[in-house]
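Presented below, as structure tokens, is a lone chain in the form predicted alone.
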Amino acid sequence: MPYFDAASTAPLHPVARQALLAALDEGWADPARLHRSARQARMLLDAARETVAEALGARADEIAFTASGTQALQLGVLGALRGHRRRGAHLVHSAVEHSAVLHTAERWEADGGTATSVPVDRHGRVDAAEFAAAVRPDTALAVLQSANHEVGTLQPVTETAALLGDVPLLVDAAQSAGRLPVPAGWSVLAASAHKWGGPAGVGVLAVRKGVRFSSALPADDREGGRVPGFPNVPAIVAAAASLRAVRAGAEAENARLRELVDLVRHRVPQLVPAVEVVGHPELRLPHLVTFSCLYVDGEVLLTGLDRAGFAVSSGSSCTSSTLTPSHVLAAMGVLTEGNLRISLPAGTTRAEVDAFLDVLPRVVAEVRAPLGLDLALPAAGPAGGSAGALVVDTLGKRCPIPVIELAKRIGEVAPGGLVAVLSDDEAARHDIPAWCGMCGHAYAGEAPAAEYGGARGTAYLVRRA
């Protein structure tokens, strides 16, 4: 089965497997002890730390190993905030950060701190000047990812860092570490080994010398006092070995994967009607592309592709893992329903991508078939727009039903006529304006559903082109 979900976790690199097996025999002891086995484990741990530091542009004593990238982000955010609490308790982050950052920001606010979320453009990219403008005299920390995990857009980290003055910047490099050079300007950095082909269960937390840091957890004498607990030396050794191997071949592999992703970006809109490719067209990760299919349930689409032999991912609000829209896609103002994220692991072939492009139109068509939806809008419809809005009641129905019903019935009003879609699904707030943008209609805002006969929810107003 072709595996196209490397952004979730990359397959274990062969070098990582070899290093892990060797380190299980040589690095199993407690590196904090003084006997021979412990000294051997310590040598392996120190060597791994040096390797990771070199790859990330850091010093070895700035590197601490955590249990995951999520833990690295959580400890990094809270530790830097606590370390700079004399400056204040204000946190700045982009609206498209990983959920680990957003949840930590929520906890920080619940404990009395404050946070500002900086918006992004339709490509998912922040404006460096706008981000810097959110900084206040009491800002203790700024957080900005190097590349977005859902759409692949690269952020202007170095340009932003230059505008922040002495405010420390935490960079989430989970999606780019190993693939791209680490951008300059970071004070704290987090990464995750299983994203570059290392074993799961190893994260990296790097804190520059001179950056104030106070762990949010009880004191411990391991990992520089930043991360408590016994380090998994064999896994860390494997993570370091795979990082070195991936970095050595990154330039050539990136160029090869970018060609394959460019093919997907170009061909999908030609093969599947009513599709929007999202993310920055140029400033993006080389191996990742996301597109949204109108009128499609994300979970059903994933299941259909899985049956066809392709493992992909989705951030759709229709998938079983969440009932709320993807915060990334919502912040970008693009369609949050029926989206697919294709992230190619190293070694993906043109034949595998071609096979995916052959299968995708059939799977999407099969999912859409029961809807009885003609994707081509009628050329004309009966008059009625001037007499009042056509009300489409989708209360109690979740995505993508509100958009499907809108598409079915908008032809019942004349050009310029108004349709009011009643919905109590939060995804509609993002998907209906996005649908209008894709199909050329005018989104006229929202109103209380009660104004259009609804007992609850919101009326989303669309004027037919």
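Everything quoted here is computed from the prediction, not taken from an experiment. When you see a residue number, it is the position in the sequence shown, counting from 1.
A second form of this protein, the form predicted together with a further copy of the same chain, is not displayed here; the remarks below concern that form.
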Pick from Thr348, Ser146, Thr139, Ser314: which has a non-hydrogen atom within 4.5 Å of a further copy of the same chain in the predicted complex? Ser314
Just one of Leu302, Val392, Val157, Val363 has a heavy atom within 4.5 Å of a further copy of the same chain in the predicted complex. Which one? Leu302
So, in the predicted complex, is Ala450 in contact with a further copy of the same chain at a 4.5 angstroms heavy atom limit? no
How about Gly201: is it within 4.5 Å of a further copy of the same chain in the predicted complex, going by heavy atoms? yes
Does at least one non-hydrogen atom of Ser215 fall within 4.5 angstroms of a further copy of the same chain in the predicted complex? yes
Heavy atom of Pro231 within 4.5 Å of a further copy of the same chain in the predicted complex: yes
Only one of these stretches, 48-56, 434-442, 32-40, 419-427, has heavy atoms within 4.5 Å of a further copy of the same chain in the predicted complex; which one is it? 32-40
Going through 400-427, which residues have a heavy atom within 4.5 Å of a further copy of the same chain in the predicted complex? Please give them in sequence order. none
